[in-house]
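Below, in structure tokens: the form predicted on its own, a single chain.
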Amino acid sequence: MIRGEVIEAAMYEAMHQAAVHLPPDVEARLRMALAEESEPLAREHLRVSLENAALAAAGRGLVCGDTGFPLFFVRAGSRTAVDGGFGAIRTAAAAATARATRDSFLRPTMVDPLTRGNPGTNLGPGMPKVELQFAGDGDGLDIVAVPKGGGSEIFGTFYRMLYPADGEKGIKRFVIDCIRDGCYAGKICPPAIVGVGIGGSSDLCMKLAKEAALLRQLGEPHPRADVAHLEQELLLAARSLGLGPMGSRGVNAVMALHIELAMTHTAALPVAVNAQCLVGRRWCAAIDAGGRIACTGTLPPRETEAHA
């Protein structure tokens, strides 16, 4: 039986680490981009970003000052037991978010959309956002904490209901147009991680795009060969736009592009794009049935999941 205070501790630590560390796969890709770029401004943007990350890891600030939206993605197994029921996970997320905000690992950026009132805690209707999924027959919890920056969410979110006749050509055109629009003038703080959702209903399509951007190791190909091929085609097309880090000239406007799919209506072809910024903040915490916590920058293995 996993206790609520253990879940809170794991969520707090994952969010704390996400705010001050680049995930290892993201840091590796940024260093690859630095080695590849030849434009002085592109190289300087990458150099400064890596320098800021090193300072944050040494306890001298955050990897980015905009800690954005507090998001938690939680995966449970069929034998997972939570003291007080699974609703305790949301209670733990709220407590962890408020504590991370008090400790200045999260900026208080969540406001009422109409009054613009700011409670100063990042708490309120819908926040922190908690996505609970079930997969496998395990007895623990996998938690991914994501302080998703505002720029990538505000300027890097797109949706369109295409016609089935638009096909792959229409999908490619829409995705590349979105990348160009989001990366122009560095609006989404590229090099970006671009998630693409194809299929489902409108809300599911958007959810798939976000999870593709946030919950995949960079460059991990989709298990379906045709989808993996489309990912590679789109990434190569993005590299040919002439856009680089933070909107400078270059080739690394996108450091990875991931696609997720869902079945859809025969009359529909929904497509969504969601971008994650260059620091790619996410950190993971695993809790076993005995309440032991392991916190790491490596995402849990991909599994076929049934959404709660």
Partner chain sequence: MAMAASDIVDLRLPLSEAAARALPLGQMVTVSGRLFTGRSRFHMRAIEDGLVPPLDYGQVNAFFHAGPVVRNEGGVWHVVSAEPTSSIRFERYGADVVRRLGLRTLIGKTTMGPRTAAALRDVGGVYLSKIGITGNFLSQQIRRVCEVHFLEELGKTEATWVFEVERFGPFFVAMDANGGNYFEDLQCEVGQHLPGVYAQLGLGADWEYTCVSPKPELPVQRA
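Residue numbers count along the first chain shown, from 1. The structure presented is a predicted model; accordingly, all values stated were derived computationally and were not measured.
The next section is about a form of this same protein that is not shown, the form predicted in complex with the partner chain.
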Review point. Only one of 206, 176, 94, 215 has a non-hydrogen atom within 4.5 angstroms of the partner chain in the predicted bound form; which is it?
Key: 176
Practice item. Select from the listed residues 99, 222, 129, 172 the one whose heavy atoms reach within 4.5 Å of the partner chain in the predicted bound form. Key: 172
Review point. Does any heavy atom of residue 180 come within 4.5 Å of a heavy atom of the partner chain in the predicted bound form?
Key: yes
Point to revise | 4.5 Å heavy atom contact, residue 241 to the partner chain in the predicted bound form | key: yes
Check your understanding: residue 227 near the partner chain in the predicted bound form, any heavy atom under 4.5 Å?
Key -> no
Check your understanding: Even though the partner chain is not shown here, does residue 29 get within 4.5 Å of it in the predicted bound form, heavy atoms only?
Key -> no
Exercise for review: Spot the stretch among 68-76, 195-203, 134-142, 163-171 with residues whose non-hydrogen atoms come within 4.5 Å of the partner chain in the predicted bound form.
Suggested key: 163-171
Study note, to complete from the structure: Residues in 237-264 that come within 4.5 Å of the partner chain in the predicted bound form by at least one heavy atom, in order, are 237, 240, 241, 242, 243, 246, 247, 248, 249
